[in-house]
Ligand SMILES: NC(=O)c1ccc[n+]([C@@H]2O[C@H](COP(=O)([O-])OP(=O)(O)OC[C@H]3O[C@@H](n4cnc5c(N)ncnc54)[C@H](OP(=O)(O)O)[C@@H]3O)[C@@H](O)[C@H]2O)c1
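Starting off, we have a lone chain in the form predicted alone, written out as structure tokens.
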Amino acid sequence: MRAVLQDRYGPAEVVRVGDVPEPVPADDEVLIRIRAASLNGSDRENLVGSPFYARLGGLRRPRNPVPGSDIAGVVAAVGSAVTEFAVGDAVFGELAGYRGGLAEYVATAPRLLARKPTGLSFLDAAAIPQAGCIAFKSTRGIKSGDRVLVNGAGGAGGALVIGLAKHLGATVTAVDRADKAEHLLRVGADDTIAFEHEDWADQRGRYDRVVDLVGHRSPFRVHRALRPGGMYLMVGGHARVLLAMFAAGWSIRKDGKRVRVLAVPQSRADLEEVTALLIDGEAVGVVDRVYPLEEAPAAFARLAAGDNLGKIVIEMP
């Protein structure tokens, strides 16, 4: 079968498309004929092997050479112990281990897979899992009237964070490159900040919630932008920032404000709940571009450059 291959950590140029054996499902696995897969911030981290947790799947090189975690497809075979899915079922979800999805087939345990709603295309379904669950977790507890800032809002998952925060009644400020401002307003942001011209962390006492999708500021500084009782949530980030948070026990309380790393465990229940919100129109996922499998290296180059406006999706032949 055809698959995207990454034999080492590095720039987008290390990615290629080649042939690998088709997987055979174990007794407790299903074989998925993948129709579409999408790229996330985690795929950019797994490409370069940074921050440090990106190398948990291989210190010197990826143990699984096939990247990609968010998939949508059709069950092609089931192991003898699997009872909840049958051949022909349309499913989507996030793969355990965050790799293996950019291929024509993948064998995986079914616990993280959900049934694809009939009215949802494979392309749109593949764009939901990781970004949707991050948005769902990061906006929990937001109240009507809250002021929310989303840093890195123009990337893979920002539109969903903006949409869910707006659904909950928040006023949303979106931060990204200046050339993404029009896109950010189009997906629902009330105002924007261009990080080239202004540092949102220099603002004082303005936000009830900061969702940072690209954390690189000192965790001992960002609390100043929060209102009393406010919360800063970091979803991934640079290694030095994560090390500082680890030294602080992953959470810092200062002046009645909380700064912490947001853990987003893979969850079928969360995926189903956020997908229901999307189908009801409470938020809108944004597909940036669709690439055929053979052009996956170009898709990774766009992701690595940060040029994408939403999710990049790979369509299988």
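In this text, all values refer to a predicted model and were calculated from it rather than measured experimentally. Each residue number is its position in the shown sequence, starting from 1.
One more form of this protein should be noted, the form predicted in complex with this ligand, which is absent from this view; the next part is about it.
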In this chain shown alone, the residue from Arg209, Arg99, Lys180, Lys116 with a heavy atom within 4.5 Å of this ligand in the predicted complex is Lys180
Picking from Ile252, Val66, Val287, Val264, the single residue whose non-hydrogen atoms come within 4.5 angstroms of this ligand in the predicted complex is Val264
Within 4.5 Å of this ligand in the predicted complex, counting heavy atoms only, one of 232-240, 164-172, 139-147, 81-89 shows up; tell me which. 232-240
Heavy atoms within 4.5 Å of this ligand in the predicted complex: does Val75 have any? no
Would Lys257 show up as a contact with this ligand in the predicted complex if we use heavy atoms at 4.5 Å? no
Any of the heavy atoms of Tyr53 lying within 4.5 Å of this ligand in the predicted complex? yes
Does this ligand come within 4.5 Å of any heavy atom of Ile134 in the predicted complex? yes
Between 206-225 and this ligand in the predicted complex, list the residues on our side with a heavy atom within 4.5 Å. Leu213, Val214, His216
